[in-house]
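Given next, in structure tokens, is a single chain: the form predicted alone.
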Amino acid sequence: MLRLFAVLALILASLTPALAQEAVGNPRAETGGAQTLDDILRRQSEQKVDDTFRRSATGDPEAAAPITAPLGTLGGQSDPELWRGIRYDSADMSTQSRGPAATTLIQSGGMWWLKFREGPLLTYGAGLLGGTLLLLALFYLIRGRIRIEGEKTGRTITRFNGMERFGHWLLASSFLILGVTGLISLFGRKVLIPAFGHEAFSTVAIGTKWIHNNISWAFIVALVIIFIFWVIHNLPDRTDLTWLAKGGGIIGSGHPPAKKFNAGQKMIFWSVILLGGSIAASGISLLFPFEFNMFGGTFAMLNDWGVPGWFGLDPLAYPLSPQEEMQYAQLWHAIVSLVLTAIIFAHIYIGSVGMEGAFDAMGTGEVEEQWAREHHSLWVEEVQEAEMKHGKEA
């Protein structure tokens, strides 16, 4: 008996190094090839996990037990293996629908998008808009309304003609509608559902989505109009440096000379054109996700240039599925829209309660001559010189 026990102990001792070596070479040996606790913890902490062991575990019809056997499965795939094949897009699927994403039932990459959308995007977006409004309110309390300093003349100068004002108000009204409907779509689940319930929010969401999608075309048309009319007046020049150095007269006293648009207005203009154009492009990508993709080709180009490596990052994902394209486009659309909205808040403030006489420029198109001299003296000189020249020619 003792001899038998000694033989068994010797066999176990000889096998221990081999088992240990196998465990080191294959960390999933103890789980039979399944994921380990370390895999689960790494995935929960959003670290990369080598999942090739799962990608290949989708069944093998050649090695499958007969369907009549106790463990036989249809086609050699168990339910977990079938769903793994669907998850990793390796299942042999067919559908009557011919859409590019018709056979995509599981898209794991959407989880990071969902977490970002429901977390940082809402938190920082609300902070940006709320913080901007708070700063403007504090600025108004400290600085007050910027008044016309000199004596009013009672004479007016035409600042914007009817077509210019049409383009501006088309852009402003469409942007406000898009902003409200966009915020409902972005914050609705967190704010409106708890307040009004799912059914009421569903009705609102369907309506706002339809309005948002269709008003977007007016916004794009308005962008083109204001670009055509005002781009020549918004090119940077030396007077902008002087204007910026003196804080535009908003801080302190006195107003630096400026042409038709001062440096601050030029920054607003280019913000609207560039950010608004980017919003329009990403919006079109969302409206036509299978025809117009922005990010896959851009990521490939950046990878070819080695841009991610400049910052110590891994290459950007490529190629992208249609769902991934829409996820990136939605986040870009929302982030840029929030930034532009904060900028427009400042523009609305200056054009309404922040400065006396500013609203008249877009209200009637006519501005008080003294206001024009204080805020756009170089432009007034240009207008008067043109009038004098026209009068001599007549």
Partner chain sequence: MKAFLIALVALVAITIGTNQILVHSGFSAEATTASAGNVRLGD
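Keep in mind that this is a model prediction, so the values were computed, not measured. Positions refer to the first chain, counted from 1.
Although it is not shown, the form predicted together with its partner chain is what the next lines describe.
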Would all three of T95, W169 and S174 be in contact with its partner chain in the predicted bound form, where contact means some heavy atom lies within 4.5 Å?
yes
Just one of R165, R189, K115, R145 has a heavy atom within 4.5 angstroms of its partner chain in the predicted bound form, so which one?
R165
Exactly one of F196, W270, F229, W217 comes within 4.5 Å of its partner chain in the predicted bound form through a heavy atom, and that residue is W217
Look at the stretches 270-278, 131-139, 217-225, 230-238 and give the one with heavy atoms within 4.5 Å of its partner chain in the predicted bound form.
217-225
With the cut-off set at 4.5 Å between non-hydrogen atoms, does W310 touch its partner chain in the predicted bound form?
no
Given that the partner is absent here, does Y318 sit within 4.5 Å of its partner chain in the predicted bound form, heavy atoms only?
no
Is the gap between W305 and its partner chain in the predicted bound form 4.5 Å or less for some heavy atom pair?
no
Is it the case that G254, even though its partner is missing from this view, gets within 4.5 Å of its partner chain in the predicted bound form, heavy atoms only?
no
Looking in the predicted bound form, the residues of 197-211 with a heavy atom no more than 4.5 Å from its partner chain, listed in order, are W210
